[in-house]
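For reference, the chain that follows is the form predicted on its own, supplied as structure tokens.
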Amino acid sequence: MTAELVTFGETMIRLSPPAGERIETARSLEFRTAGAESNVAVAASRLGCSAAWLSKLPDSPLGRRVTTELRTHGVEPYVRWDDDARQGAYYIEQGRAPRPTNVIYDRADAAVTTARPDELAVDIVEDAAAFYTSGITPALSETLRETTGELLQTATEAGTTTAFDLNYRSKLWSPSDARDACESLFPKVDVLVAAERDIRTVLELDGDAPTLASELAGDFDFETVVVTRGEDGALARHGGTVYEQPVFETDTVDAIGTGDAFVGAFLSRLIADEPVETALAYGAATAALKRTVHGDLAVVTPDEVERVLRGGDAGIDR
């Protein structure tokens, strides 16, 4: 199989208590799968882009749960199986003001942390239209820092468009470690996606969002820089022009995975040779829809995205 979009990273088991309950007192936990790079692949696949996910998993019921769920959404997993490794997981306790949402990681020594290029199906990266990974992946181990760089280099040499989301996680590494690792990867990146807050925290840049995008494009020669701004929407700098996109109104059920939904939709439109402004709009509409769905995955359809773009209301679809 040749996939238009290939992503690389860890997918975890997500465990969460019912709404309003605490992990320390809950009697049941909801069981799902989640990971930034596979979330992106799912969003793109749901919008008609052929997608594959590259990683390493334990040869266990938990590992097989991951691949089974990704296939359900049209994503083809290319996995190196490891008999002796463990499956990463995270626990999420959804908050309500004034109590914040809390994420607890249990991903140390997960199978993916030892993944090397010679264990992976690198040929699918060479044949893809686009290759995507995020700053979460090199944060997981020194081995993954090297592997991420080598895969980006492979994609670059093959003429595959490379996309990278800064995706800073303070529970995984410090801003200075993230800056050193990510900036070493930037020369191999065509499309950078970054939250405005992460640009300020990790890259120590200042200014408004258009200024940040222009400075990043100039400093690192990115073809496209996308800056996400939460409730203020997103913008992209491409070809010397800045395009802005507001958010679409949504009734949030679960915000986790919103950024990944945006990126997956955005890349699916770029791969389809749509203009950057169209890709931004698809990203924003898909992100809004994702927030109405439990779990990390953007379980949406192209018709739903088009309806949001047309300004359709949420009524009853009869």
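Remember, it's a predicted structure, so these values are computed and weren't measured experimentally. For every residue, the number given is its place in the sequence shown, counted from 1.
Beyond what is shown, the protein has a form predicted in complex with a small molecule; the following relates to that form.
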Segment that reaches the small molecule in the predicted bound form - one of 257-265, 278-286, 45-53, 66-74, heavy atoms within 4.5 Å:
257-265
Partner-free chain; cross-checking the small molecule in the predicted bound form, the single residue of 90, 222, 248, 173 with a heavy atom within 4.5 Å is 90
In the predicted bound form, does residue 188 have a heavy atom within 4.5 Å of the small molecule?
no
Test of understanding: in the predicted bound form, would residue 200 fall inside 4.5 Å of the small molecule by heavy atoms?
no
Given that the partner is absent here, does residue 86 sit within 4.5 Å of the small molecule in the predicted bound form, heavy atoms only?
no
Although the small molecule is absent from this view, report whether residue 145 comes within 4.5 Å of it in the predicted bound form, heavy atoms only.
no
